[in-house]
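Only one chain is shown below, in structure tokens, and it's the form predicted on its own.
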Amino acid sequence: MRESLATSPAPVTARALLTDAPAALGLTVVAGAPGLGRPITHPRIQKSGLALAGHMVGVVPSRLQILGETELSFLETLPPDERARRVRSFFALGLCGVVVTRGVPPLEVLVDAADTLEVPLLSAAERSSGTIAGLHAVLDRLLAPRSSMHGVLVEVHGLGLLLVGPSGIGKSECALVVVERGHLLVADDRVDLVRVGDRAIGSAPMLLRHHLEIRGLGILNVRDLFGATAVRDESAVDLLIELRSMGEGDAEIDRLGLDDETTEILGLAIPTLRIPVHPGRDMGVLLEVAARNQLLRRAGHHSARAFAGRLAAGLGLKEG
């Protein structure tokens, strides 16, 4: 396995959550707007019933707190003074955010505490179960390990190919060739990576999305040139291909394809190939074949090893 790429934690706040949460959640700010910059560091929310009952042990301020129908109905059973005291004690823990579900207007005591202590108080249209599921999905992605790297990401035969190599080696030209052959551009120049489960997902920064820089032609809008079906906003990174000048590091290039080399990206082992580049070499065909061969390997058919096995058997040698 080759060296790993550096990762960096993603800072997440209630403000970022409002931007990324799906519209179906109906997430809006009710009170405590000055606290929208408080950090959220945990991908799982916390139900706050015990805290409202006076048991504050276990409350993690950097986790979003959920108040559903049960919690609100409990608060309404309390005398006004006691209700205000418990809510204030809860909010005084320095919470990163409190979400009231079912689109119910929050109790005035919650609004007052949120504004006084600058704790974001949010309202969600969904019931508690749907809100929790939706918030978990958003937070899983926002808090996932992230990294960025110089390269080009294209999708060929459904596989994400991450092209890396020195500046001027022809990464963008390779992308243009495969797009012209009917495949998809995801990112050029800078690829932003995020780990989602057991996959590394790559995308382009918003300002660079759908654009490709080709020396001599300038900056091209691939979507305008080839249509909406020629681009994707993101793709999994299934295969890393390092482009090299012909003759550079020839000893490191696997001529038989027997070894399964990988590069660590965000803690994941990404299959890796080194392909030499020189004038006249049809890189479009090579990248298509690399993708097809990777699909075969995923299906359990390793052409090079199968050939080596037949060769060894024909020579009367033991394989391996």
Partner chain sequence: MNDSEETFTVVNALGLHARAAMKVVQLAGRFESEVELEREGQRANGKSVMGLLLLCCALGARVTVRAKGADAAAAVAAIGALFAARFGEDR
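Residue numbers count along the first chain shown, from 1. Small disclaimer: the values here were computed from a predicted structure and weren't measured.
The form predicted together with its partner chain exists for this protein as well; it is not shown, and the discussion that follows is about that form.
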What is the one choice in M246, L207, A228, L217 with a heavy atom within 4.5 Å of its partner chain in the predicted complex?
L207
Can you pick the one in R127, R83, R190, H136 that has a heavy atom within 4.5 Å of its partner chain in the predicted complex?
R190
Tell me, please, which stretch of 209-217, 119-127, 238-246, 173-181 lies within 4.5 angstroms of its partner chain in the predicted complex when heavy atoms are compared?
209-217
Counting only non-hydrogen atoms and a 4.5 angstroms cut-off, does S167 reach its partner chain in the predicted complex?
yes
Between 140-166 and its partner chain in the predicted complex, list the residues on our side with a heavy atom within 4.5 Å.
H150
